[in-house]
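Only one chain is given next, in structure tokens, and it is the form predicted alone.
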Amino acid sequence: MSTPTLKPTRPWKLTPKQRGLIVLNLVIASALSYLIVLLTPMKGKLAYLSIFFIATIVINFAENYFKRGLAAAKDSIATSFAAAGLIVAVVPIFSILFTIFERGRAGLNFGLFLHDMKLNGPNDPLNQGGLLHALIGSGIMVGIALLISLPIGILTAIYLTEIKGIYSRPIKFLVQAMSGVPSIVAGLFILSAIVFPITKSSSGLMGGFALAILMIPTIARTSEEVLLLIPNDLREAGVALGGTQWRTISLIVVPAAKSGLITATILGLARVAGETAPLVLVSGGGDAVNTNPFQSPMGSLPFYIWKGFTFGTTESIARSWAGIFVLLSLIFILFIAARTLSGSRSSK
């Protein structure tokens, strides 16, 4: 006698009948909203969306109450509010992304990545000049910030999670406090502590210092959370084999958290890539390609965008939108890389 094969079921999957009822409810709610807006003094898109939301809740509540009882009807209200919250969160994001793409593509051209603005002004055509100086400047300043922040952030996380010395509490409090510091404060600190009394001039190095102040807490906090996920069994095994605490940390704990630490680094890069306020104060924002961070003003993508909007001409604003599109694309790539690495780590 053959054993019948049981197919796996998915009780959460909607049936065609349930999908049809959802579509019918939405159609009824839309019709009611349209009639109420048409026949009452309430006008406008906001009134229509509000009435549509209320009508949807009432219809779902009534349907679930008569079919499944009061508990299911109450659950439908919570579900409706959760769906509304999702829509409120997602729609503005897609609206921003669409606006940036729509306005930024007008200023995109191949020469944008090959030329700087040394010989061009705000009124020149879009096919003249570019943001090469801004790309190079952003790369140099973010690189300087990374060289400073990466060892400090990871060593701070190791101290908080592995060493747990007497200064753990004040250091953790300081890292949390730095996470909430406005970006312009970092620029003002570098301006008053280094630029005015020592260098007397703006440069890419000062911009890198300001970005490092903002990057350190992001890397430190993310690295701390990653190291806390490493099982204590690995640490105990390293000590049981005769390794010192530092050898256990460096040869077992840190390699086990490698992908998570890379994710923390990428998140730190994405955190500072679009910062404008500190760079406006300390980098100078030059229009020519400058590969020497120790002298002369250095341009950056945020400064390029801010400067274009400040000029206010049609061409400069179009260049700024193109710069926003490029900057957002870079940050988007960094976040995708971070999610990919964290996902591969979770699967392992």
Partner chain sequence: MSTSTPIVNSANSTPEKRELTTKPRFSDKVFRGVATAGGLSSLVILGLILIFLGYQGFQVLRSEGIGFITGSNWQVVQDNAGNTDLEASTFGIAAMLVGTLLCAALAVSIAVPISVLCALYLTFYAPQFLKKMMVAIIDLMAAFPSILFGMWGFFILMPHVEYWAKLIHRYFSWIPLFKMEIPVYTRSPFVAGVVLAIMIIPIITSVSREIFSQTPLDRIQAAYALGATRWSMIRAVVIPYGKSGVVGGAMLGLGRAMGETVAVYTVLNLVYQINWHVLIGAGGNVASMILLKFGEAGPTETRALMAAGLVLFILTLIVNSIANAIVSRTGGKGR
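Positions refer to the first chain, counted from 1. Superpose the two forms; the largest set of C-alphas matching within 1.5 Å is the rigid core. Keep in mind the model is a prediction, meaning the values are calculated, not measured.
Keep in mind the form predicted in complex with its partner chain is missing from the figure; the text below concerns it.
Taking the partner from the other structure, its partner chain in the predicted complex has no heavy atom within 4.5 Å of any heavy atom of residue 32. In the predicted complex, its partner chain lies within 4.5 Å of some heavy atom of residue 321.
Its partner chain is not drawn, but in the predicted complex it has a heavy atom within 4.5 Å of residue 306. Under a 4.5 angstroms non-hydrogen atom cutoff, its partner chain in the predicted complex has residue 196 among its neighbouring residues. Three-residue candidate spot 88, 95 and 167; every residue lies within 4.5 angstroms of its partner chain in the predicted complex by at least one non-hydrogen atom. With its partner chain left out of view, the stretch that reaches within 4.5 Å of it through heavy atoms in the predicted complex is, among 289-297, 58-66, 276-284, 23-31, 276-284. The partner is absent here; in the predicted complex, the one residue of 106, 234, 171, 262 having a heavy atom within 4.5 Å of its partner chain is 171.
None of 147, 228, 119, 155 but one reaches within 4.5 angstroms of its partner chain in the predicted complex through a heavy atom, and that residue is 155. With contact defined as any non-hydrogen atom lying within 4.5 angstroms of its partner chain in the predicted complex, the contacting residues in 49-87 are 71, 72, 74, 75, 78, 79, 81, 82, 83, 85, 86, given in sequence order.
Annotation for residue 80: C-alpha shift of 2 angstroms or more between this form and the one not shown, rigid core superposed. Once both forms are fitted on their core, the CA shift for residue 292 between this form and the one not shown remains under 2 Å.
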